[in-house]
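Just one chain is shown here, as C-alpha cells, and it is the form predicted on its own.
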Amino acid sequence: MSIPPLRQRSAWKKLEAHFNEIGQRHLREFFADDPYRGERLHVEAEGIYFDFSKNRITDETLQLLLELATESGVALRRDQMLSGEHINVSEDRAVLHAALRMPSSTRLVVDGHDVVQQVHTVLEQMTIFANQVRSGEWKGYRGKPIRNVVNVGIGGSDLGPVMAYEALRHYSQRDLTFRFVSNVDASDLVEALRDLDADETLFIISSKTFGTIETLTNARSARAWLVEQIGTDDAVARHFVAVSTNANEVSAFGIDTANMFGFWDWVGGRYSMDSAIGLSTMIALGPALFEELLAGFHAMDEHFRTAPFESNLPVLMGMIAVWNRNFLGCPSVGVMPYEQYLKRLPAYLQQLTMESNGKHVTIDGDSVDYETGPLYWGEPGTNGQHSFYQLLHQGTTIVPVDLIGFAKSLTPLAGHHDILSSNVFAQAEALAFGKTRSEVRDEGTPDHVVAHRVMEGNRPTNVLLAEVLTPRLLGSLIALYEHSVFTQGVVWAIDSFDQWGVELGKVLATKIIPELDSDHEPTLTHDSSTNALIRHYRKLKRNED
C-alpha cells in the first residue's frame, strides 16, 4: 500500500479547503446551530466518557479527519504493530507493548518466539517476589523484613513507576514506603535515603542495558550507602534486585541473577510501565491489582483494534490532536487532571508524547514540511487555575486542554469533590464560550475596565470523565494516550518508537565529564561558549578568587 506524502493526500487537501471555510467560526456558533451538539459529540469506552464537542470542528471536519486516518493507513499500521511487524524502522524492531498485557491464553509468535508466553513467565517471577516482599517473607541480610522500596531508574524506568504509584497510592500496602530516584543530582538520592533503615530497604535497579550512566551512578552510590550501613558487600544480594537484560553486568554489581527481571527490545522505555519496570508497582498494589491494571490496558487495546473509527476513542482523540496542531496551529497541549492522585500524569505524558512524536523526518528519512508533536504540559486542578489558567483564557496562544475528572473521590470529605468537579465543567465552558464585551458591560463593569475582562473563548477542550480512579481505569487511560500518540504518528508518517534525539547530549556529556574532573587543565576542543563555561565551572569548583 503506497501512501502519498501528507500534503498530497486527498483528505488533507479537503481539510485545508474546509478549514478556510470554518476556521474563523466560534464555538458559540457551533452550539447555537446545533442545540444537541454536546449530546452527540462524545464517545464512551472502557469506563471513559470522552466529550469532544468543545473542539472547533463540525460533523464534516470529523468525517474528513477520519478519511485522513483511513488514507494514512492507521488501521494497517495498527494491525502491523499488534502482530509484531518491525514498524520501528530505524532500529529494525517490533513494537509490542500491547503484548505486555495480553492474557496468558493468547499466542503471538514474533521472530520465532511466543512473546506472550515470555511476558507471563516474567509476570509469574514478579508475582512470587512481590508476594514475598509484601508478606515479610523476603528478609534483608540481617533478617529484617523489607519496609522500604527504592526504585532507581530514569526516563520510562522512573516516570511510569512513580506515576503509577502516585496514581494508585490509595490501593497500596501502607506499611511499605516507596521512593523513586532518577536524577543524577546527588540530592535526589541523598534525600530519598536520609530517613531509611538500610536493613529494611530494597533497591530495584531498572536499566535495560545496565549501562545508563545516571541510573548506574545512583545505583553505585546506593550500594555504597548500603554496604557502609550494614558493613559487608554480602548484603547487596538481599537488598538489590534488577530489571535488566544484561546478566553479566547485573552479576558483576553483586545482584543475584535469579533476582533479575527481564524485558525485551520490543518494549520502549516510555511504554514499559506494565512490564517488569512495574515491579515496584506490583509490590505496592499486590499482584491481583496489578493484573487489573493490565486488564485495563488490554481492554483499551482491544477497543482500539476493533472499534470503527467513528466510535474509536484513541483514533478520535488522535485525529482531533492533528486538527488542532496542523490546522489551528496550536503548539502545545495542556493535560489537567482534576484528581490529586494523578499529579504525575502530565510529566508521564510529556515523555510518551514528546519522545514519540518530536520528530523532523518521515519514516523514510525525508524532512517533514508540516508540524509534528506538540509540547505537552500540565498540573492538577485546581492548582493550575491559580497559576497559568490566566494564559489559557486570555493569552495570545491557544492551548487545547484535556480536562480529566471523576464522579467519585477515593478520599471523600464533605463538599470537597463537588467543588473540585464543578471546576472541570466550568473551565471547559469558560474556555469554549468566554465572555463577550456586551456580557461584561451588562454586569455593570466600568467602560475603562471592560476590555480587560473580555474573554474571547473559542479555546478547544476535551473532557474525559470516569466514575472513579481504579487500577483498571488507569490502565485504560494510559493505553488511550498511547494509541492516540500512535495515530498521530501514523498520519505524520513518522517513527513514533525511536528516540535518537536523546542520544547526542548523552554522548557529549560523556566526553565532558573527565574535563570537569581532571586535575590538570584539559585541552578543550568544543565551541568557544562551551569551552568558556567549562573553564568557569572548574574555577568555581576550585573556589578561586
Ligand code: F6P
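In this text, residue numbers run from 1 along the sequence as written. This is a predicted model, so every value here is computed, not measured.
Keep in mind that the form predicted in complex with 6-O-phosphono-beta-D-fructofuranose is not shown, yet the notes after this line are about it.
- The putative spot formed by Ser332, Thr372 and Gly489 is not touched by 6-O-phosphono-beta-D-fructofuranose in the predicted bound form; no residue has a non-hydrogen atom within 4.5 angstroms of it.
- Out of the listed residues Arg459, Arg472, Arg223, Lys208, Lys208 is the one that sits within 4.5 Å of 6-O-phosphono-beta-D-fructofuranose in the predicted bound form by at least one heavy atom.
- Residue in contact with 6-O-phosphono-beta-D-fructofuranose in the predicted bound form (any heavy atom within 4.5 Å), chosen from Ser476, Gln499, Thr61, Ser53: Gln499.
- At a distance threshold of 4.5 angstroms between non-hydrogen atoms, Glu355 is in contact with 6-O-phosphono-beta-D-fructofuranose in the predicted bound form.
- Proximity of Ser90 to 6-O-phosphono-beta-D-fructofuranose in the predicted bound form: non-hydrogen atoms within 4.5 Å are absent; the residue sits far from the partner.
- The closest heavy atom approach of Ser157 to 6-O-phosphono-beta-D-fructofuranose in the predicted bound form falls within 4.5 Å.
- Using a 4.5 angstroms threshold between heavy atoms, Gln427 stays clear of 6-O-phosphono-beta-D-fructofuranose in the predicted bound form.
- Note on the interface: of 225-233, 97-105, 415-423, 262-270, the segment with non-hydrogen atoms within 4.5 angstroms of 6-O-phosphono-beta-D-fructofuranose in the predicted bound form is 262-270.
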